[in-house]
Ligand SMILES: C[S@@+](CC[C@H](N)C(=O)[O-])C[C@H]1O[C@@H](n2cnc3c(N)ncnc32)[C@H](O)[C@@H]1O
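Okay, so here's just one chain, in structure tokens, the form predicted on its own.
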């Protein structure tokens, strides 16, 4: 099979499968299967693929047609300009979470904050980005052994100063810190059912929190008092009214779509 034939096949089948990003995805699948860059794919249309390459390409194509996330196929996702390794052990970093990081960086700068904690770190994208850009040590926790193993891989790849802790919350904090940041589970069971099929390949436990999605958010707001000066939380599109009723709320930040997305609580 030549690259031109493989590309044509991918474009046709992904489009038929209602994959909105079928054009971009077709090229990515070939790049991944051939371990080549986009320039090679587009300028070597007559390249005859080896049997192993064809088999790999067809396998990836079938996965993507089933809505398997492209980030899991490539094992990478860019976040704040850094390239993070991702797989099914962790949620895929999303652009909306950059608003959380941006606000944390502002507070770190204005308040000369040095003691920063990331709760529910997943791939480590928040903690690692803050450590790299603010040039500080960050402590990061997660309940999942698998997630922490992956986060440590990212930390080592990106040479960040982050210490990871296995924990389901913040009870391990021995002394008060400047900032706690978190992109916690905030999806309700009913909302989960309506999510795109792509998202359902991601770890369910990192998405769902209680009947209305606020269980872990409520825990953080309650337990953060006395443990930090600032608490920054990412939350869901339907939780704005709940967030605005909470004490110590300083401000709410909207995302790219104008949806309330990040809450900033100040306790001192």
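Quantities reported herein were computed from a predicted structural model and do not represent experimental measurements. Residue numbers count along the first chain shown, from 1.
The next section is about a form of this same protein that is not shown, the form predicted together with the named molecule.
Note on the interface: of 103-111, 192-200, 70-78, 161-169, the segment with non-hydrogen atoms within 4.5 angstroms of the named molecule in the predicted bound form is 161-169. Residue contact check for residue 129: none of its heavy atoms lie within 4.5 Å of the named molecule in the predicted bound form.
Although the partner is absent here, residue 183 lies within 4.5 Å of the named molecule in the predicted bound form, judged by heavy atoms. The closest non-hydrogen atom of residue 143 lies within 4.5 Å of the named molecule in the predicted bound form. Though the partner is left out of this view, residue 97 does reach within 4.5 Å of the named molecule in the predicted bound form, counting heavy atoms only.
In the predicted bound form, the residues of 77-94 lying within 4.5 Å of the named molecule by at least one heavy atom are, in order, 91, 93.
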